[in-house]
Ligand SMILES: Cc1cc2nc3c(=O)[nH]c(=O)nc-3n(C[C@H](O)[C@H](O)[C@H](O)COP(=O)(O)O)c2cc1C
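This document starts with one chain, in the form predicted alone, laid out as C-alpha cells.
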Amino acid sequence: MNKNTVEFRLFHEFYKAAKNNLTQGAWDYLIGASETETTLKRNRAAFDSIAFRPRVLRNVDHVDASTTLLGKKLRMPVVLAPIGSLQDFHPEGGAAVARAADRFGTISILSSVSQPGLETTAAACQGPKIFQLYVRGNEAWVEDHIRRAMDAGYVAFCFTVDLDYYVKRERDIAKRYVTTGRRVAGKNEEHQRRFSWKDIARIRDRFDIPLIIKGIATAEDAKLAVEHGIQVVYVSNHGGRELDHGRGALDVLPEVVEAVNDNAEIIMDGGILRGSDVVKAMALGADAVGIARLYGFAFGAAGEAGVLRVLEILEDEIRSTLGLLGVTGWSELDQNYLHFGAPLVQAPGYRSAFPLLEEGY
C-alpha cells in the first residue's frame, strides 16, 4: 500500500475525495442515472431490504473468498464492470484500472468508449481482461473488434445490449456536460438499435471466444442467451442509467438463475457498494458480481492505487461477512442465510451504504 492510499480505510472516504477531485460534470456523470433515478434507487433498495440469518459456533478461522469465473481464479467474486469514459476520472483511464485488477487478482472489463483503447489496455498488464463493445458499425466493424480483442488476448467478449436509446441523464444535461467517450460514441447509434439475436447467432458460429451478454433483465432473455450458447449471462440495468423505473438488479437475479439452470455463468451488477451486498448476490445464485461506481469513486480519488485499495477493503468486508454468517466459503452459502422483506430504516440511495456521510464525516 503506498503512502497516498494508506489513509483510505472506509468507502465513504473515497466518495468524498473523488467529489473533491473531479469536475462537477464528471462527478455528476459518475453518480447520476436516468430521468427520475428510480432504477438506481431500486438497485440499492433491493439490497437494503434483505437481512441476514447468521449461524454461530462454527469454526470460521479460515474463510476463503476466492472463486473462478470463465475458468480463471479470482481472489474474490468481484469483477470491475465496464465504465465509459474512465479517462474523465483519471488520465490513465482503462489501463490503470486493468493494472489494479491484475495486481489484486481479479478481472477488469474495458468499455469500448474508455481510453487508451483495446490494444494499449491489453498491453498494460498480463492479467485476464474482458472487452465490452457498444455496436457503432456494421457486421464487418463488429467482427473487426472481436478479432482485435482475440489477438490482444482478451479472455471474453461482452456486448452491452440495454443501450438502444441514450436516455436523458438529467444531471449531465443540467450541466451541459458531455463525456469524452460520448463525443465519439454518440454517433452511428442506429447500429446498436438494429443489433439482434440473429447477430449473436452469427458471431457465435464464427468466433471461438466466450461471449457475455450484459443487460439481461428477465428470465425470458436469460433463456434466449443460453439457447444462443452464451457463456456468461450478465444481469444489469446499466446502474440505473438507461430505462427508468426498472426493477432492482438483485430483484431480477433469482428468476435469471432459475432460467439459466446452471447452463451459463451469471454476473450481476447494480447497487453493489458493500461486501455484504456481494454476499447477498452470491447467496441468490450469482457466480460473480460487478462493481462500477464503487471503484469509480476510488479511481477518481487516487487513480490505480485507489482502485487497488478499494478492492482490498471490499475483500475484508466480504470475508468478515462470510465468517459472521458461519460459513467458510461460497459452497456453504445459500438462501437459508437470507431473510426477505426486512423494513428499510433509511431512504434508499448511495447514502444508505455510507451512513457516516449523514454525520458530516
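Quick caveat: nothing in here was measured; it's all calculated off a predicted structure. A residue's number is simply how far along the shown sequence it sits, counting from 1.
Not pictured, yet referred to below: the form predicted in complex with the named molecule.
For the marked spot (55, 279 and 337), a heavy atom within 4.5 Å of the named molecule in the model of the complex is absent from each of the three residues.
Per the 4.5 Å heavy atom criterion, the named molecule in the model of the complex is contacted by stretch 107-115, the sole one of 255-263, 107-115, 146-154, 94-102. With a 4.5 Å cutoff on heavy atoms, residue 131 does not count as touching the named molecule in the model of the complex; it lies far away.
Contact check for residue 41: no non-hydrogen atom falls within 4.5 Å of the named molecule in the model of the complex. The named molecule in the model of the complex comes within 4.5 Å of a heavy atom belonging to residue 160. Residue contact with the named molecule in the model of the complex: residue 293 places a heavy atom within 4.5 Å of it. Checked against the named molecule in the model of the complex, the residues 81, 250, 216, 212 give one hit for a heavy atom within 4.5 Å, which is 81. Think of it this way: in the model of the complex, the named molecule has a heavy atom of just one of 311, 305, 30, 333 within 4.5 Å, and the residue is 30.
The partner is not shown here, but in the model of the complex the stretch 223-244 reaches within 4.5 angstroms of the named molecule through a heavy atom at 236, 238, 239, 241.
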